[in-house]
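Here's a solo chain for you in structure tokens, the form predicted on its own.
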Amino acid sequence: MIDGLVTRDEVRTAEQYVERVLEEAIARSPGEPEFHQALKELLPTLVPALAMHSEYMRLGVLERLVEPERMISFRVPWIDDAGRVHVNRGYRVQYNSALGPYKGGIRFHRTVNSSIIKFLGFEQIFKNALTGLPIGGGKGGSDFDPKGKSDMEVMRFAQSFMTEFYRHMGPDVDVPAGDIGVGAREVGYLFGQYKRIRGSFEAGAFTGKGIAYGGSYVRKEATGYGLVYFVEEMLKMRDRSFAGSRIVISGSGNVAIYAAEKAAQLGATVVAMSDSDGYVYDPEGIDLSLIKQIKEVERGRIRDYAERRPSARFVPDSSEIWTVPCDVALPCATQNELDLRGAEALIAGGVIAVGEGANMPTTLEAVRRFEEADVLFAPGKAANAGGVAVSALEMAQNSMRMSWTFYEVEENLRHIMHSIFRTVLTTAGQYGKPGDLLAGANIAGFLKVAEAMVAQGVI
């Protein structure tokens, strides 16, 4: 704890407060395990901050923080190419606007439900706060799966989704972006329908747009690049770097591809990547140009890589990717993909650092195991904040009606990620958790949001 700054009674009071809020929040949201997990991961780490700032308990900051300002659910009907009618469900959680308009991606995936949207939105509050940019937290999506759908089917679904959602968003209200299942194609269709309904070109209403119509350079690369910049700083704590390191990256979407690209630029060898079908292992190093061709152009599967690359082999079980020996592991696929079994395999394989590219990809048990084994751990709300950081830079460019160069945006991104790392590391030390980047990220994000919430009154 923080020697000399708080008493044991103050700490115990904060612990009791956190326990009560956590218990009440879980009871009010039954059947939402991902949301419960996010609460359990974050709230207990705030005890040192609450013990030092008792006014946040007195003013009920946590009670308000865990409850979304607004939760929207709506029907999304659409017609497939055969003329059949389908109905999916759309969601948007507008979680907290203390720092600025709600900001967070839209996810199209069959697993999307209210629990996942709430956990993602809750995490987004603190991630956005850590960037230092004026944006609140939100998240949205649908249980629609674009995989295997034609362009026309995706367009019809996106237009139907936006026909309802447009009334809840805008440049000063809620600014969505892409996420899993929502790439350049989907963003284009969503923004096009928004523009059509609004009757005006509000470029700042959506981020992740194409360069031709108000998008920003580096947005596609931002989350993956930012992850590597953060982990690069973390590795310096052990006098290590990416140069000469073996890297395992789960996933093969946007985040994974560009994390692999930046890691390779810094001298690392990426030896494994995956998708939901399994993973590929390539001891000579993953050929990123081939991965990009398969995933970004052909919309194919990771097994196709092994069929075209003689040095690679395909394993039809994506969870086994953590058995590949490596120095750095970057889980970039989806929530809870790295469990205790995977953590044990990584530790046995010599891992020294784990950086979360996805949102909450590591289970609580796995996180604790890494702590016990003295493995460096970069939490997602800090390490994968690069995407939303460049989204905010895109909003700034749209507001000024300007376009910055690739170099200018990347330098801004690098500066933001290094700044986040310093903030997280410093905060961890100030609150009695030296070197604990998870606690540092949670506390730093919380303090920024809590200060704004108190200043704005009980709303």
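Predicted, not measured: the structure shown is a model, and the values here were computed from it. For every residue, the number given is its place in the sequence shown, counted from 1.
What follows is about the form predicted in complex with ligand 2IT, which we do not show.
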Of the candidate stretches 175 to 183, 231 to 239, 189 to 197, 369 to 377, the one with residues having heavy atoms within 4.5 Å of ligand 2IT in the model of the complex is 175 to 183
Might Val388 be said to contact ligand 2IT in the model of the complex, defining contact as any heavy atom within 4.5 Å?
yes
(request) Give a yes or no for Asn359: in the model of the complex, does one of its heavy atoms lie within 4.5 Å of a heavy atom belonging to ligand 2IT? (result) yes
* Partner proximity in the model of the complex: Gly141 to ligand 2IT, non-hydrogen atom cutoff 4.5 Å -> no
Q | Gly104: touches ligand 2IT in the model of the complex, heavy atom cutoff 4.5 angstroms | A | yes
Contacts from 197 to 214 to ligand 2IT in the model of the complex (any heavy atom within 4.5 Å), listed N to C, are Thr207
